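One chain is shown next in structure tokens, namely the form predicted on its own.
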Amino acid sequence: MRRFLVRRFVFLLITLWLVSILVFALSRASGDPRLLYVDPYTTQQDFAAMGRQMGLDRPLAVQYLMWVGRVLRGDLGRSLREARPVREAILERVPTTFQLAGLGWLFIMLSGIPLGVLAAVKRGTTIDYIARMLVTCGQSLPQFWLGIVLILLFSVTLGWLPSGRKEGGPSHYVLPLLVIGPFTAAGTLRLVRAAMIQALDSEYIKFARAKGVRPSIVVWKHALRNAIITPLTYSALILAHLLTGTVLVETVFAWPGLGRLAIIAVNQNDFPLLTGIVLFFATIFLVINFVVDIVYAYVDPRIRYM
């Protein structure tokens, strides 16, 4: 198991290194970085001094190493729009996004997994057909459209719920969660149902039933544990997606998170801020995938001895 985890960790580092090369290449392909900081009062001498300060007079490989060294020390540059370090701007938005992501992930798991198991156990019945109808509806509704409709209905027309902006209590989370939930919960339900049907038709499940094992233990202990691998991967991708900011949801509800910050950085041509956000997003995805690999090793004994 140690060899398996070491190999996965090495892959994580290599992927993160490749992402850093891509981000650095894009920063140089967009033009001279000094052009982001000049103003009408910048002289030619100031422009040249800025290039020496940023290391632009050195070879490209040396510039990359200097940039990586600053990133490893936590220096992601200075935001043009925020007029402060990029690290501060990102860390300020992290708690808001993580709160919404955590609640959204719990809502998805607590609805998608039980409904998927129930649809598999009751396949061919009315419950199964209702579950499949929910999957179709959930995956076909555009998030931006659903968010606007919910705002018009519950905020503008009825006045029951706030339209977002996280300025108060739990009521501000209701509409964003109702938009996040249907699409991702529908995908979880579909994967759990398919994996459970395959597991319930396996020989070891038939043997457990022949031994007289209680149906609840057969379903929740034997079948679900062997069927959870694929849904586990999908749930990790969902969590990574939510933690890196649901761009559409945060934009529709004016939610002060990382997704909306990324949109602001694009609209304002704040390339240092956008670069820092991309690196942060990539790190979150890779770390979550590594954690999932560790969970795999405990869920599936076959992986544990690779």
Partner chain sequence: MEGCATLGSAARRPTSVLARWYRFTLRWPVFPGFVLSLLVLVGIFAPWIAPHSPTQASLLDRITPPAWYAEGSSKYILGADHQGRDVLSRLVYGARITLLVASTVIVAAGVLGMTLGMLAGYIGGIVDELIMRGVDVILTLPLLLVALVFVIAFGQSIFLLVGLLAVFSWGNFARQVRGEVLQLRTMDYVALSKVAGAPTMWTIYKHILPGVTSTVTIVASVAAGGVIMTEATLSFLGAGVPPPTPSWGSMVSEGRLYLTSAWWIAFFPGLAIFLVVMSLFFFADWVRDRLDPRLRQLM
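Since we're looking at a predicted model, the values are computed, not measured. Numbering follows the first chain given and starts at 1.
Below, we refer to the form predicted together with its partner chain, which is not included among the displayed structures.
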Exercise for review: Select from the listed residues 122, 84, 225, 214 the one whose heavy atoms reach within 4.5 Å of its partner chain in the predicted bound form.
Suggested key: 122
Check your understanding: Out of 207, 145, 98, 160, which one falls within 4.5 Å of its partner chain in the predicted bound form, going by heavy atoms?
Key -> 145
Check your understanding: So in the predicted bound form, does residue 103 come within 4.5 Å of its partner chain, heavy atom to heavy atom?
Key -> no
Exercise for review: Answer for residue 64 alone: is it within 4.5 Å of its partner chain in the predicted bound form, judged on heavy atom distances?
Suggested key: no
Exercise for review: Would you please decide whether residue 296 lies within 4.5 angstroms of its partner chain in the predicted bound form, comparing each non-hydrogen atom pair?
Suggested key: no
Check your understanding: Wondering, does residue 72 line up within 4.5 Å of its partner chain in the predicted bound form on heavy atoms?
Key -> no
Exercise for review: Would you mind picking out the stretch of 137-145, 172-180, 106-114, 217-225 that comes within 4.5 angstroms of its partner chain in the predicted bound form, counting non-hydrogen atoms?
Suggested key: 137-145
Practice item. State yes only if every one of 76, 94 and 234 has a non-hydrogen atom within 4.5 Å of its partner chain in the predicted bound form; otherwise state no. Key: no
